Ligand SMILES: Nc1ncnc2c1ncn2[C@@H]1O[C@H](COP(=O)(O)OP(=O)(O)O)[C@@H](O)[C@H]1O
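Just the one chain here, the form predicted on its own, laid out as structure tokens.
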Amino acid sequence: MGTGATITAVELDLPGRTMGKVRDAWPLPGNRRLLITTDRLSAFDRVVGVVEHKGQVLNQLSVWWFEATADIVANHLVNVPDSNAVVVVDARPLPVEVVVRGRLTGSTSTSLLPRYLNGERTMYGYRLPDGLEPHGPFDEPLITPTTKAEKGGHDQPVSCDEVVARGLVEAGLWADIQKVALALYARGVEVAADAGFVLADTKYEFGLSPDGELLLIDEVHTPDSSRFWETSTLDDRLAAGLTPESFDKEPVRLALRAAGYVGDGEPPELGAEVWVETSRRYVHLYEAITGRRFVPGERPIEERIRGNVASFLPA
């Protein structure tokens, strides 16, 4: 379903559909899943709008990053039948989102900056010193896990020690995941810097394949899962007391927060310019990171996707 220019959902004659905030999934034979990335945008753990080209950018950028990080950790990617769709290994997701933060920033309840400005100094098991500058770098990246909320709920912060203590992930596997997450973040920082961006923080999700192999799943270093800042304007903006120029969904978060919305109840209507500018930034980031020109897929989108994924569906 959509306008032809955007897609909010795809109807397939296939049972077992599950709907996330952005991606819809269907089980396939042979321990595979079909994932379709829509143009839905979530903020504060809610779907708050639709952004043109967003699903295609997220899908194609994740595919690019999966290929660019395969030397660090295996991932769930099997096939790319459409610019908005992938076929993946049907991995068992681990119940923790692994957030790596290189900067003191953010605007949500699980972010560090709002809590730091409110006087908190111990967060996620870390003791932060006084005198840190908003949006400034940490000496070393911090791993700040969150539990995965049920639909309609909010992710909850936990410390690295609590991940094991609460039985969310076994100790040896969690140690491996932390090493992998830091290596992925270092790769992301390096690539982003070459493209003119600071990768301030990012979220990873991991799962186990049917034979128990650790896999990177969901999405990687996209403007939905990460904060990307324009490097060329960063120092001047911070010196002027301004927020970084974001090429992600932070402008939507800030617009919602300015309207008094932090995730409870129905989100307010935002001006069309917010969504148009968000789309432009997503496309610009894709082109800068990959070095490829963004080519919108054929429209209407839903009809195109159904045709392209048909050969992967059971007869």
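Note that residue numbering begins at 1 and tracks the sequence as displayed. No experiment lies behind these values; they were computed from the predicted model shown.
The same protein also exists as the form predicted in complex with the ligand; that form is not shown, yet it is the one meant from here on.
- Within 4.5 Å of the ligand in the predicted complex, a heavy atom is found for every one of 20, 93 and 205.
- This chain is displayed alone, yet in the predicted complex one of 199, 89, 177, 100 has a heavy atom within 4.5 Å of the ligand; that residue is 89.
- Proximity to the ligand in the predicted complex, taken as a non-hydrogen atom within 4.5 angstroms, holds for one residue of 143, 85, 112, 217, which is 217.
- The shortest heavy atom separation between residue 35 and the ligand in the predicted complex is within 4.5 Å.
- Under a 4.5 angstroms non-hydrogen atom cutoff, the ligand in the predicted complex lacks residue 121 among its neighbouring residues.
- The ligand is not shown here, and in the predicted complex it never comes within 4.5 Å of any heavy atom of residue 166.
- The shortest heavy atom separation between residue 76 and the ligand in the predicted complex is within 4.5 Å.
- Listed stretches are 281-289, 252-260, 27-35, 267-275; the contact stretch with the ligand in the predicted complex is 27-35, by a heavy atom cutoff of 4.5 Å.
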